[in-house]
Ligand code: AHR
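The data below hold one chain only, encoded as structure tokens and taken in the form predicted on its own.
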Amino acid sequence: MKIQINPDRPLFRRSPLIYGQFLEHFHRQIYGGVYMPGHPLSDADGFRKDVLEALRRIRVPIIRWPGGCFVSAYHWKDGVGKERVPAYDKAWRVEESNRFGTDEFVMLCRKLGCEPYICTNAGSGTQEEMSDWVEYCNLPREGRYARLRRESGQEAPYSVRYWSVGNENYYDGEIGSHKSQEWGRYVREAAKMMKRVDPSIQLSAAAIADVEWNVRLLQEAGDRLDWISIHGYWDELWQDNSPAGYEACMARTDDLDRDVRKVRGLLQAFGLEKRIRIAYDEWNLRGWHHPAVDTAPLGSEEFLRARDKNDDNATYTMADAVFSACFLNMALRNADLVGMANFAPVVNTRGCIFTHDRGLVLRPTYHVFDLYVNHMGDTVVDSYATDVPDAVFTDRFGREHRVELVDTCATEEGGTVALSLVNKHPDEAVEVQLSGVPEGTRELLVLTGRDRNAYNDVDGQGAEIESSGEGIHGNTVQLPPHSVCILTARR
């Protein structure tokens, strides 16, 4: 296999928001995850210090909150002020304490130095409720909700820049779902009211890679949007928690940019590709496990206990790491249009960080973010591969996919060229011949495990990043099986 890099031919600058994260009021993501007031490992504001440290290490640029499906029945006014009243969460069928609300979310983002991204209730909520939320966060003093924020001790506005109208409102199971013929008009009125409060906000709307849904959305509201939101989960485990094996996961890497291509085509057809960008604001290989959420009898605890299966660290193997690296490569290669991506979620459930009472576990996906955030550059440069080996993998549904075994993307920043090299082969190394890589100081960082099913847990680390000089021989690089590698070279 050969890879040619031209670091003097920049293609585009990637947005820092591509490495974003996501938090929802589901299971242990917030309570028992990032927010545990009174816990020995928490700070004075109730945030887990070890989680904050881990998030700072991967320089989280933006967090989307509070959902997710949760938001479509969430009324933000229940989660602000000095008196918080618990409410029944109709999405996940549990009681929400409302101890963690807008003020706490913004505080979390400030501690991390990242942008808050608020998703609004377009299910049981109203456009006015959305605009009131913008008022609470962004107006200095005008209006009852700005006064409410100030009375709660937050004198300065939060200046939340990123907002979304709705979550997955195209999905019939979503609280307050919408039909395509009504969604565009709903978004238009919401955008009108929200931007009347603060014209500077960046606004997205829930979408799907579907022609009818997006045509109606763009016809009605395209002139008022800055982003279009799409989601992706490839190993759907909502009802049956039987995670796909390594090769079945690799089968799903054959067409990762399919939805981006579809949305790109629609934006181009409307002449909006220069003004509206894609926010891939929920993505993960593994879908969340929440069986019988619609059908479990009232008072049943079994369907709640089933959610604990999301926190089995053995689920998150090198398959998750390799898949996630391929997704990030796809986002970088489409960085002219994909301006945001949010790994869903960041803590617990299917997240890259797992918390327990004594500390945390950094799952293999965490190390992928560590590699990309801290070693890939911001300018995507021209590169192409030839003689790429391929193989046929079978997905969990028995469908065969012919998949290229190595996935790459090249960047340059400040005189350093960085090349991501992802070897999907479960068992065999791949040799790569490089051209155009600077002759200066080179380093190869490798994330792999003892086997394809390696994972990290409380009692041991099966997958970690190592610096390897042994893999570089002149312009030849050896990629270990089931690995994510970053080669850096100084010009």
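Start at 1 and count along the sequence shown; that's the residue number. This is a predicted model, so every value here is computed, not measured.
What follows is about the form predicted together with the ligand, which we do not show.
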Taking 4.5 Å between heavy atoms as the contact cutoff, choose which of H290, R277, H367, R149 touches the ligand in the predicted bound form. H290
If the cut-off is 4.5 angstroms on heavy atoms, which of these, V432, C69, L447, I58, is the one near the ligand in the predicted bound form? C69
Could you tell me which stretch in 389-397, 264-272, 166-174, 315-323 has residues with non-hydrogen atoms within 4.5 Å of the ligand in the predicted bound form? 166-174
If you check in the predicted bound form, is D132 within 4.5 Å of the ligand, heavy atoms only? no
With a 4.5 Å heavy atom cut-off, would you call W238 a contact of the ligand in the predicted bound form? yes
With a cut-off of 4.5 Å between heavy atoms, is H178 one of the residues that contacts the ligand in the predicted bound form? no
Consider E412 of the chain shown here, and say whether it contacts the ligand in the predicted bound form, taking contact as heavy atoms within 4.5 Å. no
For this chain shown on its own, do W234, D254 and D407 all sit within 4.5 Å of the ligand in the predicted bound form, going by heavy atoms? no
Residues of stretch 86-100 in contact with the ligand in the predicted bound form (4.5 Å, non-hydrogen atom): W92
